[in-house]
Structures are given as structure tokens and as C-alpha cells.
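Okay, so we've got a single protein chain in two different forms coming up as C-alpha cells, structure 1 first and structure 2 after it.
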Structure 1
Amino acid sequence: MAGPERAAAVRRSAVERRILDAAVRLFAERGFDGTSVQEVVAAAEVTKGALYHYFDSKDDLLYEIYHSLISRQLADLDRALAAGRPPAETVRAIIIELIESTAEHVDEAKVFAREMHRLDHDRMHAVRADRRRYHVRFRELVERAQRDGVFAAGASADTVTIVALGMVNQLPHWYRADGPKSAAELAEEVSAFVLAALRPAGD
């Protein structure tokens, strides 16, 4: 996270952070419908008044989880693109950062994957716009490198984007911190796999 997003996170009060952490944990364990406001309040060890001081509703909590996750990922993407590294190094950095970030915040990602459809129309539109922005910027990176002959063009930039980011989107469904491979190992393997597919013949 960088710039305004990092500043926003720092300004978030300890009470607000505690409420969000409790909501993430409970929504991941029990589902959105299976968790009451009172259970979030109890888990966060705050009053209902404190929760409603920061969040208008349980739906508001759900959106804030999504917004936090997507904002963090977009900030990571922007930082990787701004670094000015060669395309292969940039793709590698993006994939590694995305996998490690998703693993570190796997409960948020799990809630995102499972409960996103519960957002109202306006918030769903905002989330989809942010996701689309991420996909477009990644696709443009691949597209430019293919046009310049740096990446193989056997698969379209659209297909590369769907495959590369789709693998990461599935992570919350099966990743476990105590699994046989660490997030760092998975990130290295996935990034190497994607870059091998993009390597021009003869290189």
C-alpha cells in the first residue's frame, strides 16, 4: 500500500480496526448471513454504539472489507508499474505481490470471493470498476510486451490476464497457511509458470 491508501489505513482508529478484524474473521468462518451485528460487537469487544459510529450497517462492514482489499492490491500494482522495470520483472513482481498479499489477508479474500454478490448495485459497480482497472492495467503491460516482441504472442493478452489473475483468484478456496508450501514458494512457482509461457521461442 502506498500514498493515500497507506495514510488512510494509518488514520483508522484502533477501535475501527478491531471491528473490521472481527467482522473479517466471523464472515470468513460463518458467512455474512450467519453473523449478527451483536456477534461482531462481542468479538471486537466494543459497544454497538461504537460500531455504528464507524459503520452504518453490516453491509457497510462488508463493503469496507472489499474496499480495503482492492485498494491495497491496486496500490501494489501501481507501485510495481511505476518502478520502470523490464516487462518480465514487472509481471513477476505483480504476481508475487498479489499472491503474498492474498495469502496474508486470506480471510478478506475468502469473504470477497464468497459474499461479493451481496453488495448493493452502487457498491457492486464500484468494486467491479476497481477490478476492471486492475485487469486492464495488467493486460496493457502484457500487450505492450507482446507488441515489442518481448513476450510470445501465442495467447492473447486477454487470455494471459485471465489465466494469470484467475489462478490467484482461486487462492482463497484452497490456500492454507499451514499447507505444504508457503505463500512465497507458491508465488515463485506461479510467476515462473506464467513467464515461461510468455517467453518467446528460442529465448
Structure 2
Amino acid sequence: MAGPERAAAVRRSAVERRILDAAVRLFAERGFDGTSVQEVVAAAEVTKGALYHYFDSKDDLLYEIYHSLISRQLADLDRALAAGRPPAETVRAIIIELIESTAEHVDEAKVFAREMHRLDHDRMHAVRADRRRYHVRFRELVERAQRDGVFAAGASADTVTIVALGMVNQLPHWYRADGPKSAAELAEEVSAFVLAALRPAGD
């Protein structure tokens, strides 16, 4: 089933998770520049050797914080696309999973959004490529459904993608787990809104 192009969620050991969680916490509190590898080691209660076994550098920690999340989201997207449901149901499933996974990892998403401009060229390139892959697959789904007349074609598939996914990318700036609406409720409303805009005229 899984071709080389197929996204796979990253599996991590407990030690790796502990290191990444400590890095997220420290980067959030002190910023990326204000945090040393030594402080991450101390907060995670691991040896420096253990950290360097899993991660090359502080840049690598920042990259992996987000890489875990986008890899999982790409795997979710692939699964939704492969399920063969009608386009409206597929869009709904994708938006709901994307909002829920972003909300679940909102600290990681927030730290990354703030510090990603510190990434070196190669890692920035890798992040951009993953995001583009997500964007392109979503856009192709919309384009196909517009061509088949199942979705309204008033806005280009690219703009639909920007609006639908833009809300999700903004979520780390305002979402609170203890806010008035759960991630699941938000996800339902957002997907309903996007699908209402895609309903062909006369339906």
C-alpha cells in the first residue's frame, strides 16, 4: 500500500518525547535563542549523550518539534484521501482531523510558528516542502470536485485551500484548551462553513 511518497507518522521513543517536550516548554518560556542545549538536557533529565544520540543540534530540536506534527497530519490526510468517500465527506474529515491534531499540539505549533525563521536553509526547505505537499493534495481534491461539478467553482481551488487551511494555521495564536468551544465543536463548524461555500448553486 504505502509507496515511497506516502507520509508516515514519526514514531518516537519515550526519551525522545521527553527531550522534545522539555524543548517546547523552554523555547516557549525563554525563546529559542534564550535556551541552551544544556538547559534542555537538565529539564528533560537526560544526559547530553542521550540528547545528541537523537538530535544533531538545537536547530534539529526545533525542526523535529514541528516535523512530528506535520508528518502526522500528512499521514492523516493520505488516509482520508485513500478512503474513497465523496469529496464533501473527505474535506470534512480532513478539516476535522487537522483542527483536532493542531489543537492537541497547540504548544508545539505556537513555538514553531514563532521560531521557524531561525531554521537553517535545509531544514526550512524540508518544512516548506511538507507544507506544500499538504497544500497541493488538498487543492487537488478541491480541483477535481470542482471539475466534476460537485463543488462550486466560484473561488479557485488555491484560494479555497488558503482560506480553509489559513484558519488552522492561525489557531495556535488564539486557541485555548479551556476556551468556550472544544476543538471538536470548532472543527465541525469550520468544516460546515467551508462546505457551505463549496455547495454548487441551486443545491
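These numbers were taken from a predicted model, which means no experiment stands behind them. By rigid core we mean the largest C-alpha set that fits within 1.5 Å across both forms. Here, residue number means position along structure 1's sequence, counting from 1.
Between the two chain copies, the one drawn from the form predicted alone is structure 1. Core-aligned CA deviation for T47 between structures 1 and 2: 2 Å or greater.
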